[in-house]
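For reference, the chain that follows is the form predicted alone, supplied as C-alpha cells.
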Amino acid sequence: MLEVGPASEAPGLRADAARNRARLLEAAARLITEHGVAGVTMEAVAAAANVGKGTVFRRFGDRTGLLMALLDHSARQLQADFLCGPPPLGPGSPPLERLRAFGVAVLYRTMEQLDLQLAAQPEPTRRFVHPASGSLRMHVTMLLRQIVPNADCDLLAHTLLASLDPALIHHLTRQCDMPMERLESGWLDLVARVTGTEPLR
C-alpha cells in the first residue's frame, strides 16, 4: 500500500511521540466537532491537548499539515478499498467498473468531509505533489491504461480527478444546489466520454 501520510508519520516514531501525535489529532477532531473547521488553530489544538504551541508546529508544520493529518485516516481507508477491498471498487471487477466506482466513492467521501477537505487543501504549488493526490492519480492512470491503452492516460487522469475537486463539489452542491445524484451521473457520463465506452444505463 502506498504511504499517504507525511514523513513524520513513518513507523519509526518513538512511542511517546506517537502518543503525543494521537492526542493532538484527538484534540483537533474534538474542536471540529464543537466549533467546526474554523475552530482548529494551532493555538487552540495546543490548549486542548495541554501542550505548548511549538509542539503542534513541530509535529505538523502548519495548520494545513494538521488538517491533512486529520484526513489521513480517510485517505488510507479509501486507498485500502481500491487496492484490496471488495469489487467493484477493489480488485475483481473490470477496470471500467472500478473507475466508475472510484469516482462515486471519492464524491461521497469528499462530501462527508467537505469543510475539512477545503480547509486542508495544500497551496497550489504543493497540491498536485502531495502523496495522497499522487496515489489517487496513479490508480486512475492504471485503470485508464487498461481501458484506453493508446490514450494519454496521465493527462486524462488529471482531467478526471479535476471533476472530483473539493472546491468544485462545494460550488456545485452548496452554491448551485445540485444534488449529489446529478454529480454521480455526471461522473459516470464523463467516464464514458473519456473512455469512448457506452454510458451506464
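Numbering starts at 1 and follows the sequence shown. Since we're looking at a predicted model, the values are computed, not measured.
What follows is about the form predicted in complex with a further copy of the same chain, which we do not show.
In the model of the complex, do L118, L155 and L172 all put a heavy atom within 4.5 Å of a further copy of the same chain?
Judged in the model of the complex, L118, L155 and L172 all sit within 4.5 Å of a further copy of the same chain.
So, in the model of the complex, is A151 in contact with a further copy of the same chain at a 4.5 angstroms heavy atom limit?
Looking in the model of the complex, residue contacts with a further copy of the same chain include A151, since a heavy atom lies within 4.5 Å.
Heavy atom to heavy atom, is T159 within 4.5 Å of a further copy of the same chain in the model of the complex?
Answer yes; at least one heavy atom of T159 falls within 4.5 Å of a further copy of the same chain in the model of the complex.
Under a 4.5 Å heavy atom criterion, is F128 part of the interface with a further copy of the same chain in the model of the complex?
So F128 counts as contacting a further copy of the same chain.
If we define contact as a non-hydrogen atom of the residue within 4.5 angstroms of the partner, is K53 a contact of a further copy of the same chain in the model of the complex?
Answer no; every heavy atom of K53 is more than 4.5 Å from a further copy of the same chain in the model of the complex.
If we take heavy atoms and a 4.5 Å cut-off, which stretch out of 98-106, 82-90, 118-126, 69-77 is in contact with a further copy of the same chain in the model of the complex?
Careful reading of the contacts points to 118-126.
What residues in 75-100 sit within 4.5 Å of a further copy of the same chain in the model of the complex, counting heavy atoms only?
Not one residue comes within 4.5 Å of the partner.
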